[in-house]
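Just the one chain here, laid out as structure tokens, in the form predicted alone.
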Amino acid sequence: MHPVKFAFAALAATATLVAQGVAADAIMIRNATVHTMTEDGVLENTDVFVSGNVIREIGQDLPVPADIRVFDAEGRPLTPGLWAGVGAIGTVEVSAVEESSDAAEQSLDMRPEFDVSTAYNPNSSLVPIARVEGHTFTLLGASGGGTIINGSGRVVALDGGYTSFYGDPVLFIDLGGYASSKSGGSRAGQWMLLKQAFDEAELKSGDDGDGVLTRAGRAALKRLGDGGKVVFGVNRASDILQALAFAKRRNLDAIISGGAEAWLVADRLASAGVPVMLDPLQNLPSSFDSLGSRLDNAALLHAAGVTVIVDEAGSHNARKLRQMAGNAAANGLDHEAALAALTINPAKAFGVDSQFGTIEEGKRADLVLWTGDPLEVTSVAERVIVNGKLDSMKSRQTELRDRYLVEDPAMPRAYVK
């Protein structure tokens, strides 16, 4: 471009930024390898300008407004904020301490009206622990209840807000062998109970039905309506097919969780457009429901056209999701597909892709600058931006480390008290 034209373009762009009102906490990341997770793919040597909690501009050699923070990525990867999985971040502190865990309703009655999101605490120590590792959103899961219907949860942004919820409620249903104790010892009993529960939800308000659900429970199932999102926790291929059939009959938006044998019915899952949340490290049968476990499950599903989501790291170990996605890539899953399994795929599956999962102009600014390939365990999050704000990169764990880890000891670490 001619120098005069370039100068004019830069001046015009700067004027636009001023007109937009550059926020006091505006941030410019320069020269990054930007994994947009959109059709634009990976953009080399690209700048991303953030102001007012929003990604304002993406491009090369963007003009830099005065008095803003600038970080030179020097070619390092920039990704959207990562998914922290389904779990209890914000609803649990110590799993073994009953009063600090709110993720499960332990009664023996079906309670689809149980909403775990009402117990969310953004001041939980688990929130910054996940955030400093690059995870900026999670799905609160209802789990471990006394029956196969555990209740519902919602997607929440890990930005410290008390009401940072997005998308519709998601119902959680446990199925298969490990849930047999919740249904009289038979998986056939599970489908009987599910049918009865959903049939009851269609009854008129004055009819008490057969008593599987409370009136509030019937109302909760009825609110699912057409296209309601339901996570079916299931591993065996035959049970997955039963879940697909049930979801189709009831017009539910199904997501499979577990899916150890999902590769066996990949074509059926792809045809139904049903995503699978799985653990890519599961390669051995842990039960009779997962005899078909294999390390390339994610790769086979992706090749068949199934949307793959990496999950099951646990609430206290969300950072391990990157390692799990890296193992999926090592066993045949395309690198960008593995990264999509931590970003855009869960965002789309749970209807929050307008907020999370991609790097696009005009979108909520959740970004992570990495020291290297985000799927490598040796890489760490160097900078984390959550809702347009630069994270302090402090958590309970880092504060304990800084307090008790002796710097430059005279003896090796094993000898330091």
Partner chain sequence: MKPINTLMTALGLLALGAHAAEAPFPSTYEPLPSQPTLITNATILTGTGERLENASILLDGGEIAWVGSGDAPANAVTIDANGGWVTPGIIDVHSHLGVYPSPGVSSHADGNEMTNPATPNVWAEHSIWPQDPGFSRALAAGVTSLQILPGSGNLIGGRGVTVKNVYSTSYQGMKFPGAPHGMKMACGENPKRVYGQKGRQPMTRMGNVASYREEWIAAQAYLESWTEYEQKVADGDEEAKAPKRDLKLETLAGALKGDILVNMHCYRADEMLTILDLADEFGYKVTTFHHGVEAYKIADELAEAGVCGALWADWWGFKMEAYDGIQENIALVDRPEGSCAIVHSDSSEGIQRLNQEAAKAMTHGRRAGLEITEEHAISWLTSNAANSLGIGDRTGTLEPGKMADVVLWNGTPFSVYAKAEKVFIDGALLYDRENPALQPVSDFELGQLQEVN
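For clarity, every value in this text was computed on a predicted model and none was experimentally measured. Heads up, when I say rigid core I mean the largest set of C-alphas that superpose within 1.5 Å between the two forms. Residue numbers count along the first chain shown, from 1.
There is another form of the same protein, the form predicted together with its partner chain; it is not shown, and what comes next is about it.
- At a distance of at most 4.5 angstroms from its partner chain in the predicted bound form, all three residues 97, 281 and 326 contribute at least one non-hydrogen atom.
- Its partner chain in the predicted bound form comes within 4.5 Å of no heavy atom belonging to residue 61.
- When contacts are judged by a 4.5 Å heavy atom cut-off, residue 38 does not count as touching its partner chain in the predicted bound form.
- Contact check for residue 377: a heavy atom falls within 4.5 Å of its partner chain in the predicted bound form.
- Although the partner is absent here, residue 285 is a contact residue: one of its heavy atoms lies within 4.5 angstroms of its partner chain in the predicted bound form.
- Comparing 78-86, 135-143, 159-167, 289-297 against its partner chain in the predicted bound form, the single stretch with non-hydrogen atoms within 4.5 angstroms of it is 289-297.
- Proximity to its partner chain in the predicted bound form, taken as a non-hydrogen atom within 4.5 angstroms, holds for one residue of 354, 371, 392, 45, which is 371.
- Contact with its partner chain in the predicted bound form, judged by any heavy atom within 4.5 Å, is made by just one of 316, 250, 223, 229: 316.
- The partner is not shown here, but in the predicted bound form the stretch 118-136 reaches within 4.5 angstroms of its partner chain through a heavy atom at 125, 126, 129, 133.
- Core-superposed comparison between the shown form and the other one: the CA of residue 406 exceeds or equals a 2 Å shift.
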